[in-house]
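A single chain comes next, written as C-alpha cells; it is the form predicted alone.
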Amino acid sequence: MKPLWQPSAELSTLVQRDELMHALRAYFRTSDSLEVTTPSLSAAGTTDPYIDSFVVPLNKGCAWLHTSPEFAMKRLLAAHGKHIHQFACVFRQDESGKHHQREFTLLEWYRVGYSLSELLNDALNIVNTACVSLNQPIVKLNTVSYQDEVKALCGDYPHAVSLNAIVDVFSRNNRSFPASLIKTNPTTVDLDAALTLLVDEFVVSQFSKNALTALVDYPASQASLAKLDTHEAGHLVACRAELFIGKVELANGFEELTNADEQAARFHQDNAQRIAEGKTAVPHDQHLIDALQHGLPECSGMALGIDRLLMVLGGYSQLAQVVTFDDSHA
C-alpha cells in the first residue's frame, strides 16, 4: 500500500488524463462553445432527496458546496443564450467507494436549441473523442427505453406498475428484494426506488461493455430538472437520458425545463420528500427561479463524469486509480 502522502494515481495515468482533457477542450472549441467557470460555493444547496450537499459554516449562516454547476450555468444561459461548457470539481456527501468519490470532476455542457436526441449525438462524439485520445476503439450508440423495458418485465409501464409486480420479477428470477422497500401503503418514493432497483438489476446489467447505451423515456416522477413529454402510449415521460458503458453510469442529461413555476414546485416537492425521509430541507436556488422567469432558451444539457470516463475507457477498476488523490489520500 502506498504511503498516504503519495498520489493514488500513477504518473502514466495522469498523462492520460491530461491528454483526455486537451482532446475534450479541442472538441468544444470546434463547436462554438464557451468554456466558463462558476462558483463552487453557493447560497443554496441541492434539494434532490437522493443527493446531499456539503454544508460550509460561515461567520453568519452557512453556504453549500455545489453538487453540480447546473444552476449557475443555466443562469448564464438565461443571460447570454450561448453554448457553454465547464470542467467543474463538485462535492457530494456519502459518495465514497469503488466508483464514487466525495469530490470528483464533471464535464457539464449545454447546447442552445438542441433536442435531447441531438444532445445524445453530441455526447457520442464527446465519448468517441475520448476513445481516440486514449487509443481505444470508437463506440456506437444504443438507445434503450426505460418505459419499454419495465413493460416487458412487469406487464405495465412504470406509471401504472405495482410494487407487487416488481417484487414478483425478483422472485421469478430467484433474486432477493430489499424488505425496506416493501410497505403496506407504498408511496411514489418507494415505487421510484423499486423501479430504479429493477432497472439496475435487469436492464442496466445487460448493457454492452463495447457500446455507449442511452437509457431514455424515464418516468415523469423521475424528471428532476427535465421537461416532460407525452409517450406514444399517452402518458407523460421525462425528457431525460442516462449514458452507460457496460453497467457504469457516465452521464445524465435533460432537455431542460424552462418553466419557473414548475421548477419551484419541484423544489418544494423535493424538500417535502426530504422531510418525510427524516432529512433536512435545503434552501432552493431562488436565483435559478428568477433566471427561468427572465427566460431560459430552449436547450439541452448533460453532466458527464470525467473520472469515470477515464476509468472505463482506460481499463481501470476504480476511481482511486485515475484521480490524483482519492478520498483516503486527500
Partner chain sequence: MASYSTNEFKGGLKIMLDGDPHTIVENEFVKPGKGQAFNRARVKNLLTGRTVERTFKSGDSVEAADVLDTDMQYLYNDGEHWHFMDQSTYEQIAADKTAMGDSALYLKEEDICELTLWNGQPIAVTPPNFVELKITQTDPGVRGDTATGGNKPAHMETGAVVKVPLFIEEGEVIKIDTRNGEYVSRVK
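Owing to the predicted nature of the structure, the values given are computational and were not obtained by experimental measurement. Numbering follows the first chain given and starts at 1.
Form predicted together with its partner chain: not shown, discussed below.
Across the options 156-164, 76-84, 199-207, 131-139, residues that bring heavy atoms within 4.5 Å of its partner chain in the predicted bound form belong to 199-207. Within 4.5 Å of its partner chain in the predicted bound form, a heavy atom is found for every one of 51, 181 and 240. Out of the listed residues 96, 221, 259, 117, 96 is the one that sits within 4.5 Å of its partner chain in the predicted bound form by at least one heavy atom. Put simply, of 149, 249, 122, 217 only one has a heavy atom within 4.5 Å of its partner chain in the predicted bound form, and it is 249. Using a 4.5 Å cutoff between non-hydrogen atoms, residue 231 does not count as a contact of its partner chain in the predicted bound form. Taking the partner from the other structure, its partner chain in the predicted bound form has a heavy atom within 4.5 Å of a heavy atom of residue 176.
Put simply, residue 110 is far from its partner chain in the predicted bound form: not one heavy atom of it is within 4.5 Å. Using a 4.5 angstroms limit between non-hydrogen atoms, residue 169 is distant from its partner chain in the predicted bound form.
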